[in-house]
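Two forms of the same protein chain are encoded below as structure tokens; each is given separately, as structure 1 and structure 2.
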Structure 1
């Protein structure tokens, strides 16, 4: 494993570099709920643990895929206040789930270092929004570090543990899709893994009743004043001087684009590179602004740095013009790239605009689709056959969201993890329409349970479908409480969705294999007739978990029997079907041989290929 290399350098992903930094820093506990773009951080911890276990060695740390981000943060917080170094990683919206814990945890603080990694997703490559989590650092009074590349990510993680322990305060560590997924050379040090046990020492200031919270809040603000002094002297905040009196301020991946454009164009400027961005190094910023006649701020998403720099300039009465969002196409939305940043820097320095290299050749859209053989497609097809017109389909976060696309179109409303159930309850009250909601098994354990309790308690008339494909599929097949093994590779207690919902008081519960379409349709017919809350567990493993040898072979269409009804394409929608002139055929390189399509073909024209 490159991340455990004993060489002087290794080529690592940004996410792998984070793990290497934690391993060299002597990590004791790592927790997560998987979410792209942070997934490889947790998966790498899991692989390391299992690598050592398979060799009969003690991993030297504990790793857990927790049921959700809030639990992950709470588990690690308990370890950190007991004197064990901890790391918790999640995607940006995961911090929304953990925010209740996060906000008060900053009051309580930690004993050993605790690094909380949030991976933001500009451009929503795999997310429902592109919120800028740097504001959580301001909101919660958390020191914030932002690396620009894998080497800096590794070094910053190590530094983050030191800062956390110096301040007795968790550190927020912001990755983005680009810093998580770029690969770069990383200088390596000594691996420092040794299993330890902590000791919790009781302290009445750790029970945040109002009287205690009032005492802790000013202490937190004092810690942030200390953090500003650390920021002033941080080696991750520095000025690069290329001459002239124009200034550019940047952080995170934007700094890479700025450096590349400045070198390419040969412009004279000073660059203030900020790696510790909360609190800002105020004195350093004042000196920089005073040294520059005008300043360009390049940062992705919100004007987090720009607004603070403008406030500093105003308060200090510094005569400097600061440019940021809205200038030259610097947007508050979407991910930047070197072309965007170079165009802005050309304008800033009065250089001729670069000719566009865009092509006039139209590029066909390639939307993501459910895999051939995905059991979710079979469930959706069966539901559409029996649900009355006007049925509302609240959905959730996972592969099954892809059911939104034609021809299935079984996703009408989505807010966040677990929202399918709460909104199903709301729709059942607000309308006279039938409601059938969908979520995966991992989402069920993550945030689905409170909504089901709410549905049962208030007897809301809705069908809650749990698409149980035996894994957390979309983020890379991580285990969840419904699987037999945990993230360390240990045997775990496997919870059955149907048992849990019966325990919650759901009276109408059915389990069905969606690959049997007739039985699935009968199951949903009975659920539709039931008045009250019902749960259908549609259980079949993700097609990618089935061994390749069991997916061997293909199906074909007997052209003499095919009536060109197009149900296989226009209603079932498996991507293995395609038009060849006026014929419909099956691409055997895509076909997973699941055979469900034979059940949708009334003329029985689909047969196994010999």
Structure 2
């Protein structure tokens, strides 16, 4: 494993570098709920644990895929207040789920270091929004670190544990898609894993009743004053001077683009690179602003640095013009890249725009789709066959959102993890339309349960479908409470969705294998007839969990029997089907030989290829 390399250097993914940092810092407990772009952080911990276990060695730390981000943060918080170094990672929206815990955890603080990683997703590559989680650092009063590349990510994680311990305060650590998913050389130190036990020392200041909370809040603010001193002296905040009196301030991956453009264009400027961005090194910022006639702030998403710098300039009456959002194409939306940053730097220095041209031929878009052989497609196809016109399909976070695209079009409303049930109940009250909602098994355990309790208690008339594909597929196939093993590779208690919902009081519960389309249709017909809350557990493993050998081979179309009814292409929509001239064919490199298409083809023109 590269991440455990004993060489001086390894080529690591940003997310792996974070883990290497934690491993060198002597991590004791790591927790998560998986979410892109953070997933490989957790998966790497899981792989390391299993790697050691398979060698008959004690991993020296504990790792857990928790039920959701809130639980993950709480588990690790307990470890950290007991003196064990802890790390919790999640995607940006995961922090929304954990925010209740987060906000008060800052009041209480920790004993051993606790690094909370939020992986933000500018451009929503795989997310429902692109919120800038740096505001959580301000909101909750957490020190904030933002690395630019894998090497810095590793060093910063190690430093984060120290700062956290110095202040007895958890640290927020902001990755973004472009720091998580870039690979670069990382200098390696000694691996430092050793199993320890903590000790919880009771302290009445850890029970946040109002009277205690009132005492803790001013203490937290004092800690932030200390944190500002740390920020002033941090080696992650520094100025690079390339001459002149124009200034550029940047943080995170934007800094890489700034450096690239400054060198490419050969412009004279000073660059203030900020790695510890909450609290800002105020004195350093004042000196920088005073040394510059004009300053350009390059940061992704919100004007987090820009507004603070403007406030500082105003308070200190510094005569400097600060440019940021809205200048030269710097936007509050989507991620930046070298082109966007080069363009604005050209403008800032009065250089002429660069020319570039895309293809003159129109190119078809190629968005992600449900895999060939995905069991969700089978469920969706069956549902569409039996559901009345106008049925509303609330959906949830996972691969199944890909069912939104034509021809399936079975996703009508989506907010966040678990929202399918709450909204299904609301739609069933608010309209006369039938409601069939969808969520995955992992989502069910993460945030589906309270919604189902609500549905049962009020007897809302809706069908809640749990697409139980035996894994957390979208984020890279992590285990969840419905699987028989956990993130350490240990045997775990497997909770069955059908048992859980029966326990919650759902009266009409059916389990069906979606790869049998007829049975699935019948199941949904019965559920549609039922008045009240019903749950269908559509259970079949994600096709990617099935070993390659068993997915080998492909199906083909007997051109003599094919009537070109187009059901396979225009209703079922397996991506392996395509038109070659006027013939419908199956792309053998895409087909995963599930055979479900043979059930949709009435003239029986689809057969296994020999």
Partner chain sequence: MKERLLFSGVGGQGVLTGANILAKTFLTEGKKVLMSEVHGMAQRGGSVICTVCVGDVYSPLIADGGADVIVSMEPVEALRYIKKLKRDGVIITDINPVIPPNVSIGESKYPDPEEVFKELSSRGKLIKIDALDIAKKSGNAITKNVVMLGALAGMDLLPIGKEKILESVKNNIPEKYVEMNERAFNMGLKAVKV
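Residue numbers count along the first chain shown, from 1. This one's a predicted model, so the numbers in the text were calculated from it and none came from an experiment. In this text, rigid core is short for the largest set of C-alphas that superpose within 1.5 Å between two forms.
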Item to complete: Return 1 or 2 according to which structure is the form predicted together with its partner chain.
Response: 2
Worksheet item: Taking the rigid core as reference, does the Cα of residue 209 move 2 Å or more between structures 1 and 2?
Response: no
Worksheet item: Once you line up the core, how about residue 432: does its CA shift reach 2 Å between structures 1 and 2?
Response: no
Worksheet entry | residue 493 C-alpha shift between structures 1 and 2 of 2 Å or more, rigid core reference | no
Worksheet, complete the sentence: In Å, the rigid core superposition gives a C-alpha shift for residue 357 between structures 1 and 2 of 3.9
